[in-house]
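In what follows, one protein chain appears twice in different forms, each by itself as structure tokens: structure 1 and structure 2.
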Structure 1
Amino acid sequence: MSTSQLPEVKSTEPNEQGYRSYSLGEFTFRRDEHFAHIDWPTGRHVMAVEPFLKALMRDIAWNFFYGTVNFDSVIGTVNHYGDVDLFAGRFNEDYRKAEIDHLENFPHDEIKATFEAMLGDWVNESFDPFAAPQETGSAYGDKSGNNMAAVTRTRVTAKRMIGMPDDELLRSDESGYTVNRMFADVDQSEPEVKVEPGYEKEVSAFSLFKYLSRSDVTWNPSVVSVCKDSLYCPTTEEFILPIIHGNDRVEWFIQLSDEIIWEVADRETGRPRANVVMKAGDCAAMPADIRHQGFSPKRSMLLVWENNSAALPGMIARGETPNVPVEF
């Protein structure tokens, strides 16, 4: 895209705390020392700025993800894979009844540019929105520098498998990925691989658990292996998933280590449907008509398994995809 085609980002001069305000359609976003304030023609909402920035970070890094990214029970986005809804109260039964909900649709590049600008301006140098609570500084206070290195991390997306020639790299002390304090007991050995000459691009193995033990981010699935449209997207989790993910397709979780508790609610209304307690070796599907949020008491390894078929958005739009993966 040339400079002349870059989407316009509408922002103000910095306020007395040093932060710019942003507008998208009829939505406006402003922050002060403690809070993010979101306004729209029929209502307003306030969030503590730390959870707001953590949610905003995931929404951008995941390219608006699959389906709905609820920042909380009021604000969020819906990905239509080319354009994106920004909403307030759309998936909140009471906001809808009171008719103060609001939704606007934006071209993907326009909303992404505004969100990226806002994140870059509102994240201070001591705060990393991807880090666990005890591994980062504060999000609060007056503007103090920035942390562009943290907020512009590239999501790891293997083409075939991590560690293969011409693919994503393994993690090591030398490459800056040290073992996380909560995974100090994880075996760091690599598999024994004997390769006959000529087969260097096909005989390959790596330690996924070592790789995950060295992740410097939480709640950020990255692709490690690709079987056509089947993507293994493992991630390390600690504390609370900063968004409430509203599915538009079935998603699977395989708990590789430790434990996560998932709160599951109805995607449209937010009414509770189930709690899913997952321990090492547990496998569970998230149906396509729910929203979910995870709680991980200790840093854990979770395999998120996604179907990235290009046919799915059309099938979803036509109502052709099942809500549950298996009937029995």
Structure 2
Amino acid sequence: MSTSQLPEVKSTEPNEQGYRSYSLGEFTFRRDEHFAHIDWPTGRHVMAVEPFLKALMRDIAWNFFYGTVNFDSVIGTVNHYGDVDLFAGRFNEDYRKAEIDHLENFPHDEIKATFEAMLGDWVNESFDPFAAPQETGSAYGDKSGNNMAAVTRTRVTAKRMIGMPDDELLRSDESGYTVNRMFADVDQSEPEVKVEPGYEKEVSAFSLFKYLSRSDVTWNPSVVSVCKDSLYCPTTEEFILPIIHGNDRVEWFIQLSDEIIWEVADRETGRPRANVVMKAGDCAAMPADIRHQGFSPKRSMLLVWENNSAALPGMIARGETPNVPVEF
């Protein structure tokens, strides 16, 4: 996209704390020392600015992800893979009953440009929205510089598999990342691979535990292998998943280390459906009609297995495939 084609971002002059306000359709966003304020024609909402920025960061970094990204029980986005809904109260029973919910649809590039501008302006130099609480500064207070290196960090995405010829530079040990403080006991050895001559570009192996032990971000799945629509997306988790993810397809979770507690609720209403405690070795499938949020008492490793098929949301909506991977 050329500079002349970039979507217009509507913002104001900085307020007394040094932050600009932003508008998108009939939504407005402003922040002060402590809070993000979101207004729309029939209502208003306030979030502590740190969880708001952590959710906003992941929404952008994941390109609005699969389905629904709830920042909390009121605000969020729905990805239609070309355009995006921005909503307030759409998936909240009480807001809908009171008729104060609001939803607008925007071209992907327009909402992305506004959210990126907001992140660039609202994230101060000491704060990294991707980091664990013990690994970053505070999001609160008056404006103080920016942290563009953190908010423009690109998601790691393999074309085939980490370590293969096209993806050699994605190996964390070759990219200068150090072992995280919580994974000091992880074995750093690599598998030995002996390849028949002529197959050097077809056969490879790497230590996933070593790779994840060097992750400097939390709750940010990278793509380590791709086989048609099958994506392996492992991640390291610490503290609270900053968004509540509403699925539009089944997701598989394999707990590789430690423990995560998942709160699972109905996607449409937010009514609780289950609490799932996953320990190392456990496997679970999150159905296509739920929302979920994870809590990791200490830094853990999780493998998320995604089906990247663009046809799935439509098939599920039309009832052509079930919301669960197996029916007993």
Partner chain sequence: MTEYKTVFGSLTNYEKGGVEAINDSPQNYVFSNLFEVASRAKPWEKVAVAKNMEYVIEAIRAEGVSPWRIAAHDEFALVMDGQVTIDLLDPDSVTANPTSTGSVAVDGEPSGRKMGQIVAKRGHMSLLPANRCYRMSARDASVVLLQTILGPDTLQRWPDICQRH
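Take the two forms, superpose them, and find the largest set of C-alpha atoms that agree within 1.5 Å; that set is the rigid core. Structure 1 provides the reference sequence; residues are numbered from 1 along it. In this text, all values refer to a predicted model and were calculated from it rather than measured experimentally.
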Of structures 1 and 2, which one represents the form predicted alone?
2
After the core is matched up, is the C-alpha of Glu16 off by 2 Å or more between structure 1 and structure 2?
no
Does the C-alpha of Gly314 move 2 Å or more between structure 1 and structure 2 once the rigid core is lined up?
yes
